[in-house]
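The chain below stands alone, shown as structure tokens; this is the form predicted alone.
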Amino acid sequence: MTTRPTHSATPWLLAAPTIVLLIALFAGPVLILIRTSFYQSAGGADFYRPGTWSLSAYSELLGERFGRGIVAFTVVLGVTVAALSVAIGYPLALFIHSLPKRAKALALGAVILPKLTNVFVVLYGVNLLLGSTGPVNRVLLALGLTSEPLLLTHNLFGVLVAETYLIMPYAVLVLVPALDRIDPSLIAAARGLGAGPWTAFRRVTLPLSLPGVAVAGQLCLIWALGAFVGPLLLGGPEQTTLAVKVQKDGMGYGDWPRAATTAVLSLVTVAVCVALYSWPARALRRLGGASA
């Protein structure tokens, strides 16, 4: 005797507030954004020319070498920052995972602490550290590694340091629970069979943590593709990302259709990159024994 599934309205009623919020606060603004991108520019006299339809903003942005360069730089920067965040965050997560319970909570609090501070204050501190008279340059001069202060800000190096510092905590917050879920008896069994610490890590801990690495990489990639504050404050003209261009077109030049076009292009770029990332993510999950 088979039982028919019952169709209850309760799940829909429970999800209704979330669905309404998503439609009102995400889908609605995105549709307005897309429509704005097809208006003709009012030349700064107004937001746009009402009732017009134009593809000029798209053709100008994608037809210019400068515009295509911004898209390419945004993608390369996003991938690089995501890779650096996971590469630096993994050893830190491994260290935090090995701490006693109370010390682990304190260490995680220290990782989260910069996220509770105003991002402009954080990057101002990074700017002071990397400045020509900052501690980094003073140490390099004292060690004789350079004869004059190095230019570490307002260039690509400054952007990479700033964005990696801002995004790396997300990788740590994902990787620590992933490491905590690994059964300690598996590592003990490997050690009992004669495996050294490095072999036990390479054959047990690393493969089983790869699903967490995949999630951390995806989260960091999404954040890095929207890089704005780091390139704006610690980058130069060559480090303009799509997010920075949206700010310049809209707030700087008053060309809101062009700013909306850049924002739409940014959304498409993130969606394509996340879709492409699904292949290496599935491979990492398979290596870790999780179902893709």
Partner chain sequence: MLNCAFKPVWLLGRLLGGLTLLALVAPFVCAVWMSFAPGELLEPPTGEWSVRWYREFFGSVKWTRALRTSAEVAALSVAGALVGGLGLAVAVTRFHFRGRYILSSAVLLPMFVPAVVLAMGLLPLVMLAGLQGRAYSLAAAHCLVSLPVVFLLLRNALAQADPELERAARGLGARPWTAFRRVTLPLIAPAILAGAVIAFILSVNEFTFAVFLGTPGARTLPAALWPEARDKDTPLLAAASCVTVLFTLAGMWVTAHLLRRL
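The shown structure was predicted, so the numbers you read here are calculated from the model rather than taken from an experiment. Numbering follows the first chain given and starts at 1.
We do not show the form predicted in complex with the partner chain, though everything after this point is about it.
Just one listed stretch, out of 204-212, 76-84, 125-133, 142-150, contacts the partner chain in the model of the complex at the 4.5 Å heavy atom level, and that stretch is 125-133.
Judged against the partner chain in the model of the complex with a 4.5 angstroms heavy atom cut-off, the residues Val30, Val111 and Tyr165 are in contact without exception. Under a 4.5 angstroms non-hydrogen atom cutoff, the partner chain in the model of the complex has Trp12 among its neighbouring residues.
Heavy atoms of Phe120 reach within 4.5 Å of the partner chain in the model of the complex, making it an interface residue. In the model of the complex, none of the heavy atoms of Ala275 sits within 4.5 Å of a heavy atom of the partner chain. Put simply, Trp256 is close to the partner chain in the model of the complex: some heavy atom of it is within 4.5 Å. Interface residues of 267-285, taken as those with a heavy atom within 4.5 Å of the partner chain in the model of the complex (partner not displayed): Leu267, Val270, in sequence order.
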